[in-house]
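A single chain, nothing else alongside it, follows as structure tokens in the form predicted alone.
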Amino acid sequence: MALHDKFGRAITDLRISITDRCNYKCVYCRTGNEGALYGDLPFSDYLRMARVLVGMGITKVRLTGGEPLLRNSVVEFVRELAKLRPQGLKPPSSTSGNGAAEAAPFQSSFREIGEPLDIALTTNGHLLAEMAQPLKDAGLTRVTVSMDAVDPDRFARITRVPNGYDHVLAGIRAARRAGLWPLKVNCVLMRGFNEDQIIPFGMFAREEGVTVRFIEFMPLEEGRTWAPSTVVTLDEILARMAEYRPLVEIPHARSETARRYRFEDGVGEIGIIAPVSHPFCGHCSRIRITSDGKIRTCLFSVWDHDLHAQMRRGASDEELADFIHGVVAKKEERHHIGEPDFVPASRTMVHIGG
């Protein structure tokens, strides 16, 4: 049975955080004082969760973190995910008592027919240069690189990592050569840190042939320093970019997080993800699995749903599917950022997965 929440939204996008470790300490995300809090699961566990969810109508899987490229065997994991098919999945004729496939770390237990799964990855790009081609060869469809300045000194100030800029730029160019497309570069704008990078990023999009997406700063950082005054809004971004070159809006799917724009001369594209000033909750198609195997139905959920605990107790795939249906039925209608009754999420972004 396909996944729908009580508001009638089809759930087709799954984001799996495969670690909450990160080699960067970005000021809008981490205090720099905390490391991983929840740990990682074996890839075979994530694969089983993905198999069940793909069998329930998931068509897109995005791997996140933390920094997912810190995990050994991530290429092999992508290769096994690429064997799954969103349509026509059927369980095997027999399974073990707990429904798991344990003969090999990545053994698939579903017959693979239908269209390929859309597999994406979000990374800070530091390790991407050497991994882009192997990931593409394994079946990765596309990649998104987080990059919050196109100035090396400003980049180091934001990430608190010296000499990281050159690594990330090399990773972006390697991903483009490998054909990981569309290639998106995400920039979280934060007033007082990088709002002056808007026009430079417009130039970067045109020169590098990538889609730059600006993201409004959300209250998901470890330091809990967010305030409305720190948000650089969609309207501000558009006004600033118009000082550089005119933009034309591009139609986008209702469930897309970004509003899309192309420069008037047709060279270069930007997107703006504006959950604070222009929420898009009404068409949300996403759920998340954290690195320790909890389902989160919204970035701003105040509770988790422990899917991995069901697996440890020996639940069959059918029982896992029933559990997932029950969780999705509780998916929140919307977030409440900036409202008097807003309650911060129970985890910060690095421990949820982007």
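One-based numbering along the sequence shown. The structure presented is a predicted model; accordingly, all values stated were derived computationally and were not measured.
Unshown form predicted together with a small molecule; subsequent notes refer to it.
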Per-stretch contact check against the small molecule in the model of the complex, the hit in 184-192, 234-242, 169-177, 260-268 (non-hydrogen atom, 4.5 angstroms):
184-192
Would you confirm whether the three residues 29, 124 and 215 all fall within 4.5 Å of the small molecule in the model of the complex, going by non-hydrogen atoms?
yes
State the residue from 67, 304, 317, 40 whose non-hydrogen atoms include one within 4.5 Å of the small molecule in the model of the complex.
67
Is residue 220 part of the interface with the small molecule in the model of the complex - any heavy atom within 4.5 Å?
yes
In the model of the complex, does residue 14 have a heavy atom within 4.5 Å of the small molecule?
no
Proximity of residue 146 to the small molecule in the model of the complex, heavy atoms at 4.5 Å:
yes
Would residue 349 sit within 4.5 Å of the small molecule in the model of the complex, counting heavy atoms only?
yes
